[in-house]
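Coming up is one lone chain in structure tokens, specifically the form predicted alone.
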Amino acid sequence: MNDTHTMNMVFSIRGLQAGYGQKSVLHDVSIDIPPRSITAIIGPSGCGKSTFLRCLNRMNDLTPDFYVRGKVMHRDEDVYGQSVDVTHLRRRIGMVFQKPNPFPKSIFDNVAYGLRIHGMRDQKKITEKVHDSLVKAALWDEVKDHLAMPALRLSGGQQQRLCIARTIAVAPEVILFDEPCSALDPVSTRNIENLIVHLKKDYALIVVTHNLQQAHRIADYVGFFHMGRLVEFGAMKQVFEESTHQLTRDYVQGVFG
């Protein structure tokens, strides 16, 4: 696991097993996630996609009876090492959830929240970071005159972009997306997809999606999960058009799912 290939990866995962109490969800998952790319995680409902995603920044720690085995390496750090500062880990590995979850604060304070939590006190720097993050999230032009407005008054698509801005503000290396468009209309979905594609020049992006067309549109790499196992991982074109596994071919062709 120390070869040059692995060292260049954002994540190198080996033999990952995870579950809740007596229920096993992930079985022996091994995968390398490259930097500055979009990796889509696809598969039928209940196949372990979201559990896998939440293993990457230890969001599952908050779930009773959760267990994890195997290695999840972020660069050269064991994500589950005893000395890991989980708060710092989640700053570097940000997450955007299925349903937009802005705080009951102003637009400005939503984006500034993480900066303040991590100790930034210089108001000028905070203002600059908020501006830059809203620009990167393609939201600035829509809210620049309304930064004091409650974030909950934004539309669903705007709220999701605000949550992306909030994640970007603390300078992560990786952004995890758990079905980020499932609660959005088609126009907002297109906006989020365009934003994700734009962001890959600066971040590694891992997107769990049930929408095969979305994975086809945005992904550089695709991992197909079935019943807790990683059946296939490869470049998007290879997985969708040249799969070596019958199960993958059946899924992407709509035979089941």
Partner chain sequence: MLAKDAVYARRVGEYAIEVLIKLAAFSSIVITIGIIAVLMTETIRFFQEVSVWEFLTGREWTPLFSNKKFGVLPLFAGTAITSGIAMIVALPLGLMSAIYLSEYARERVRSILKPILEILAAVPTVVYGYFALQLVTPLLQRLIPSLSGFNALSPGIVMGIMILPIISSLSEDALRAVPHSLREGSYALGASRWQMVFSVAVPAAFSGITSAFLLGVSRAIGETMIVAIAAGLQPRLTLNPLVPIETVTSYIVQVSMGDTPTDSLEYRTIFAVGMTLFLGAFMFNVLGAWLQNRFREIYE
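Positions refer to the first chain, counted from 1. None of these values were measured; they are calculated from a predicted model.
Below, we refer to the form predicted together with its partner chain, which is not included among the displayed structures.
Participant: For this chain shown on its own, do Val197, Gln213 and Phe240 all sit within 4.5 Å of its partner chain in the predicted complex, going by heavy atoms?
Facilitator: Per the other structure, none of Val197, Gln213 and Phe240 touch its partner chain.
Participant: Go through Lys99, Lys71, Arg75, His146 and name the one with a heavy atom inside 4.5 Å of its partner chain in the predicted complex.
Facilitator: By the 4.5 Å heavy-atom cutoff, the listed residue in contact is Lys99.
Participant: Ile175: heavy atom within 4.5 Å of its partner chain in the predicted complex?
Facilitator: Output for Ile175 is no: heavy atoms all beyond 4.5 Å of its partner chain.
Participant: Is there a heavy atom of Ile117 no more than 4.5 Å from a heavy atom of its partner chain in the predicted complex?
Facilitator: Close contact exists here: in the predicted complex, Ile117 approaches its partner chain to within 4.5 Å, heavy atoms only.
Participant: Is Thr167 close enough to touch its partner chain in the predicted complex, meaning at least one heavy atom pair within 4.5 Å?
Facilitator: Thr167 belongs to the contact set for its partner chain.
Participant: His226: heavy atom within 4.5 Å of its partner chain in the predicted complex?
Facilitator: His226 lies outside the contact set for its partner chain.
Participant: Taking its partner chain in the predicted complex, which residues of 49 to 71 have any heavy atom within 4.5 Å of it?
Facilitator: In sequence order, Arg54, Met59, Leu62 come within 4.5 Å of the partner.
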